[in-house]
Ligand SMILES: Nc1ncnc2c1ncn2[C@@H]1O[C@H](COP(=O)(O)O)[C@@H](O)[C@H]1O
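A single chain comes next, written as structure tokens; it is the form predicted alone.
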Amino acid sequence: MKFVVLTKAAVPLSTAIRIDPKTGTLVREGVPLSTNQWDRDAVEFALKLRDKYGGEVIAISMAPPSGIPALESLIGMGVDRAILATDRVFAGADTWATSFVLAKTIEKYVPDYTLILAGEETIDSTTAHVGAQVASHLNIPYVYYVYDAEIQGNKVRVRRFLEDEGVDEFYEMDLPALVSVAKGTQMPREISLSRKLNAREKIMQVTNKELELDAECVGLKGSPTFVAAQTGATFPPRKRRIFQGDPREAVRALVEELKKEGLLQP
């Protein structure tokens, strides 16, 4: 069995996020990147399946070369090998163009995959699109918010939790398929330093020279999404009032003031 995990080398801090004013896309060149937090849930899920059913786990990412350390960390977790699709022609991609490159990378380098796993969303853009779009490019079934799975022959039975409804649902799909793992449902294992030290030799880098994708279908040119305008976030000014004196009286005065402002119901 081959379990493919879609991963992203994301911008880890909101303070580090920069938008290119010309293209409206995230700036990733020269920005420190790390493994998207919720992808670690998907990796742990894949490792558990490998531990139970055998096979290998392959992480696939599209990123500039600065995304290599993120893949090294995942190999340190236990991933068997990784593939990095990296080329300047991929820059500026929206989720559709990104998922196209990932799908074509899977088709070429892991055509006999059993199950594809993705994190629920990314911490720097939070679209939650890529998993579903990769499945659409590959014409395979998919389910989101999964936290448990069993493989039986050529089928996978998954369990997911819908938070708003407060219910569990069960789905059975033919393999190959894709599941998006619900964030916070797994306990990612520790990174092994010895595995991480030898990780680089297990990472294969591929460019568009190998993938041979139409330049009009990738990167900024292949992205139908565009940012029409940008505005900075504005916040109402603080009143900077300080309630002093006896704590109980101060709290009482604060509550009364919040009621006057309409922020608390009487």
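For clarity, every value in this text was computed on a predicted model and none was experimentally measured. The first residue of the shown sequence is 1; numbering continues from there.
Beyond what is shown, the protein has a form predicted in complex with this ligand; the following relates to that form.
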Using a 4.5 Å heavy atom cut-off, which stretch among 122 to 130, 191 to 199, 159 to 167, 135 to 143 contacts this ligand in the predicted bound form?
122 to 130
Indicate whether residue 39 is a 4.5 Å heavy atom neighbour of this ligand in the predicted bound form.
yes
Applying a 4.5 Å heavy atom distance criterion, does residue 102 contact this ligand in the predicted bound form?
yes
Within 4.5 Å, heavy atoms only: does residue 46 come near this ligand in the predicted bound form?
no
According to a 4.5 angstroms non-hydrogen atom cut-off, is residue 57 in contact with this ligand in the predicted bound form?
no
Neighbours of this ligand in the predicted bound form among 149 to 174 [non-hydrogen atom within 4.5 angstroms]
none
